[in-house]
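Just the one chain here, laid out as structure tokens, in the form predicted on its own.
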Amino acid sequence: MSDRSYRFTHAITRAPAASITSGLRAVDTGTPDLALMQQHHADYVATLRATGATVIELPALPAYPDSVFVEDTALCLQEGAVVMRPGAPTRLGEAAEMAPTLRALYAEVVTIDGPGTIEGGDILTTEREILVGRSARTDAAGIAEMTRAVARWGYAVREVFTPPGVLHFKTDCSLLDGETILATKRLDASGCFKGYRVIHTAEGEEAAANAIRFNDVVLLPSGFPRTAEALSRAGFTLREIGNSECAKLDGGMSCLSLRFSPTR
């Protein structure tokens, strides 16, 4: 079986801007500490680099407070990239800013033109399919347009549904290997992961579900010891990264990078 859904040669990140304190959030749990966020972000980038990946660090975009969350701007596959159309109007410019970087890396870059909307946080790519969660930010029209875009590269897309009150599909799940998904019980109960091996986050540790498998390491937000123990018992190598400040803006491990292996 291929492992292209979690083995990568490249990642793109973007430095957090000072304006991030004005970023979008579902519930106000306090103003992020910029200095602490910058330290967490540096740890994150260093961990990606330690796996052997080339990390492209883009400069901060003060005009876009949420721009550190680059995953929402694009879907990066081996054959090409798809520039998203974010469902939050204030974030539309972030996708346009990302497009030139992707065109320098890929021979083929496709853009979602609308009227539908879709964000990368709702997309989980596995070895067998691309799961896309319908959410407040991703609608049926956006999913249909993305389905047409990736069909040229032979990918199958399956539409699923994000639980009520959950921002993105990947808020509640992440890929651990070709057959294994980390998920909250509430998301797994929908049946969307039938045929996969599922490891549940511990009770009260649902925020641990947004992790990323990057080459041989699983990057897990720190502060979720029971979930970390379960993953260690299952044989995964973990690196726990501070995420307290991004969490105040509904951000997690996957949100902070685009991960890919371009063929160009």
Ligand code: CIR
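The numbering used is simple: start at 1 and walk along the sequence shown. Since we're looking at a predicted model, the values are computed, not measured.
Missing here is the form predicted in complex with the named molecule; even so, the following discussion is about that form.
Enquirer: Pick from 132, 175, 146, 167: which residue has any heavy atom within 4.5 angstroms of the named molecule in the model of the complex?
Expert: Checking each option against the named molecule in the model of the complex, the one that comes within 4.5 Å is 167.
Enquirer: Tell me the stretch among 153-161, 103-111, 178-186, 68-76 that has any heavy atom within 4.5 angstroms of the named molecule in the model of the complex.
Expert: Partner-contacting stretch among the options: 68-76.
Enquirer: So, residue 18 and the named molecule: in the model of the complex, are they within 4.5 Å at any heavy atom pair?
Expert: Looking in the model of the complex, residue contacts with the named molecule do not include residue 18, since no heavy atom lies within 4.5 Å.
Enquirer: Should residue 255 be counted as a contact of the named molecule in the model of the complex, where contact means heavy atoms within 4.5 Å?
Expert: Output for residue 255 is yes: heavy atoms within 4.5 Å of the named molecule.
Enquirer: How about residue 245: is it within 4.5 Å of the named molecule in the model of the complex, going by heavy atoms?
Expert: Because no heavy atom of residue 245 falls inside 4.5 Å of the named molecule in the model of the complex, the answer is no.
Enquirer: Give a yes/no on whether residue 249 approaches the named molecule to within 4.5 Å in the model of the complex, heavy atoms considered.
Expert: Residue 249: yes, in contact with the named molecule in the model of the complex.
Enquirer: Looking in the model of the complex, is the named molecule within 4.5 angstroms of a heavy atom from every one of 24, 91 and 121?
Expert: Every residue of the candidate spot has a heavy atom within 4.5 Å of the named molecule in the model of the complex.
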